[in-house]
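Let's start with one chain on its own, the form predicted on its own, as structure tokens.
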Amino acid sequence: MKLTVISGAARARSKSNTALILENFCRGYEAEGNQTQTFYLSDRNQWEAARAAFDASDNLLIALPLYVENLPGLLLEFLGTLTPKRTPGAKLAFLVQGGFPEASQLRCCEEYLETLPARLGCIYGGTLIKGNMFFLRLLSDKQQEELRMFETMGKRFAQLGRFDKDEVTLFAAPEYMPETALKVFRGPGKFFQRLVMNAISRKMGGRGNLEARPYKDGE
């Protein structure tokens, strides 16, 4: 079976965490003898082909990053250009990744996505969610081995033809961070986080102070 995949990430494919996840997910899906075709909305030259693929496909997956509980504007713009399917039977599933570690941060988006397929003339195929993906492209190749969990979920999606709710809940854990971990983040962990974020900023070309407040008190 062929799966049409649409990435709604705003970052270019070479810098996108969503793209990296999809590479592993699709590898697992194809391991079951299937095919995938992926379109990246960050490249507007692919929009026309992506719309045509949406119209022609009956097995669809839209993947996206969640930016502080908001869908990427690029994806929302693209969705507004789609024509709902008139022939019933097409299935639409979703893959959502975010930077916050708690799965609860992604639940609001999940609830919205549950309503979206019907508006597009499709059947809902479930939503795979996973947090703590912010540092993905900053990890070493060895550390990125954890991406194989997406390959496993790709295989399961191929076998079931959808995302199983119970399996997704286990995959997305933790739902909430343990209180002990929160105490560490509120205490000594703050200093460590500051060091890490400053190092990331410098690696990405940042020059200013991350704690700068140029507009504080109207200044």
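This one's a predicted model, so the numbers in the text were calculated from it and none came from an experiment. In case it trips you up, residue 1 is the first one in the sequence shown, and so on.
There is another form of the same protein, the form predicted in complex with a small molecule; it is not shown, and what comes next is about it.
- Using a 4.5 angstroms heavy atom cutoff to the small molecule in the predicted complex, all of Tyr67, Gly98 and Phe134 count as contacting.
- Although the partner is absent from this view, Asn24 stays clear of the small molecule in the predicted complex, with no non-hydrogen atom inside 4.5 angstroms.
- Heavy atoms of Lys203 never reach within 4.5 Å of the small molecule in the predicted complex, leaving it off the interface.
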